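This document starts with one chain, in the form predicted on its own, laid out as structure tokens.
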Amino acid sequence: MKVTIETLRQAKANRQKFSVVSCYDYTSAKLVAAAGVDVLLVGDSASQFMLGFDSTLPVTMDFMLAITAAVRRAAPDLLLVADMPYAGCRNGTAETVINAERFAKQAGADIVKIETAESDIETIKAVISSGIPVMPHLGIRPQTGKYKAEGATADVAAEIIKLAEQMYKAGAEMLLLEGTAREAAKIITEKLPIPVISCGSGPDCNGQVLILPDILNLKDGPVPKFSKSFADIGKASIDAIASYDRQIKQGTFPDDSHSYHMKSGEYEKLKRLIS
């Protein structure tokens, strides 16, 4: 059964949690879907984890469209969130609307995530007015380059809560809170009727999202404070590739059972033809 925004609204109404995974390609998305996850988010963190950049900023619209479409092909029944990259919204409202429509029409996204400050409200309204559902991204906004937890003081928490309410009134269908103090995230989740997803914003939100490289421990260095690795697939992958390398160098792979063969009698015929 197709997971929709309404599915998540009903889950919230019934006090049921839902899971979100950020991944970037067809193969990974197939695995995530098979695991029973509800929502796939194609994050602009692909800039770091697929392309090797040190921030999300360099990733292009065309690249994000291509990988979002790939994830959609892998999981047609899951809710698909497309992450608007910096390149897709840096030149004003009109361009942002056009690019949001591209995600829906070309890549099959169900909803577009846009990093949002108070100055972006009119842009959010314009995208929603065009018929594209929007999930504003509040709290830590990686596209600004500020990786610092938000809402630790009452004044800042109140600002985030106010902005969340403004986004809901503007027509936002969902919210994502990144690196926001648990207390503020809890208030937002309880005040608003729309689903709220936590990315490092505590357990009181309706859904939780982590990137697949953290879940599987596929990346270098420690995971963030709010994240967790649920298996060491990175080490298992290195061990498997090292075994492959070793067997090739030892001459034990490939063997006869991993080879194709000519039909019976054809090898003798070939030898006569080339002699």
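What you see is a predicted model; the values in this text were computed from it and never measured. Throughout, we count residues from 1 along the sequence that is shown.
Same protein, other form: the form predicted in complex with a small molecule, not shown, and the subject of what follows.
Legend entry - Among 227 to 235, 66 to 74, 246 to 254, 38 to 46, the region lying within 4.5 Å of the small molecule in the predicted complex by heavy atom distance: In the other structure, the partner sits against 38 to 46.
Legend entry - Non-hydrogen atom within 4.5 Å of the small molecule in the predicted complex for each of K125, I132 and A170: The answer is no; none of K125, I132 and A170 reaches the small molecule.
Inset, instruction - May I ask you to choose, among V209, L216, A29, V59, the residue with a heavy atom within 4.5 Å of the small molecule in the predicted complex? - result: Here the answer is residue option V209.
Inset, instruction - Name the single residue among A100, L176, I188, A109 that comes within 4.5 Å of the small molecule in the predicted complex, judging by heavy atoms. - result: If I apply the 4.5 Å criterion carefully, the residue I get is L176.
Inset, instruction - Examine I194 and determine whether its closest non-hydrogen atom to the small molecule in the predicted complex is within 4.5 angstroms. - result: Output for I194 is no: heavy atoms all beyond 4.5 Å of the small molecule.
Legend entry - Contact label in the predicted complex: L79 to the small molecule, heavy atom within 4.5 Å: Answer no; every heavy atom of L79 is more than 4.5 Å from the small molecule in the predicted complex.
Inset, instruction - Tell me, yes or no, whether C199 is in contact with the small molecule in the predicted complex, where a contact means a heavy atom of each within 4.5 Å. - result: C199: contacts the small molecule in the predicted complex.
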